[in-house]
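Next up is one chain by itself, shown in structure tokens, the form predicted on its own.
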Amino acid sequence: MSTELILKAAAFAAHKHKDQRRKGAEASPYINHPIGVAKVIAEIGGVDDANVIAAALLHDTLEDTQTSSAELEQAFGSQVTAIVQAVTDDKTLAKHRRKELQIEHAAHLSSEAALVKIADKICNVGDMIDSPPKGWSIERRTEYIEWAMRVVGNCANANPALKAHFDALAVMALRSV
């Protein structure tokens, strides 16, 4: 594993997300989320591929910051960039269409991109239990969890440990809302 690549990705993501906060009531620093996604991939998924861990740290930079694909590729190479691009929503589309496309695209994700997608959903569903987005009704939280279940359920290249962890967490989250 390339520790240098992972640390470079963590520093890059921290810089890009420096002024962002999570939607939860705690409004924790946004960087906690990509770090959590990378941690889930390593600890639960048993993955030690530096490119995947780096992509996990960077997974929201194209979608939620002023980062371009070219900038990401120059800094991290084509493999990391391809993983990040595969899990990035097209923000020019309406939200409901982006959500539909996540379900559709999940079946075609590479095994590396599926790791990031599932770990991201694990972290987001975990937040529905621990620190739900401020102002989200029980209905909206339930809809999110059920949608995330459809996304993960459609991941053809799912890591069995991540998939099992997500499934157990989703059931727990639905019981807690």
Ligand code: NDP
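All residue numbers refer to positions in the sequence shown, first residue = 1. Predicted, not measured: the structure shown is a model, and the values here were computed from it.
What follows is about the form predicted together with the ligand, which we do not show.
Contact between Arg22 and the ligand in the model of the complex is found at the 4.5 Å heavy atom cutoff. Among heavy atoms of Glu63, some come within 4.5 Å of the ligand in the model of the complex. Interface membership of Ser68, defined by any non-hydrogen atom within 4.5 Å of the ligand in the model of the complex, is ruled out. Among residues of the shown chain, Glu143 is one whose heavy atoms approach the ligand to within 4.5 Å in the model of the complex. Contacts between stretch 121-149 and the ligand, counted in the model of the complex as any heavy atom lying within 4.5 Å, involve Asn124, Asp127, Met128, Ser131, Pro132, Pro133, Trp136, Ser137, Arg140, Glu143, Tyr144, listed in sequence order.
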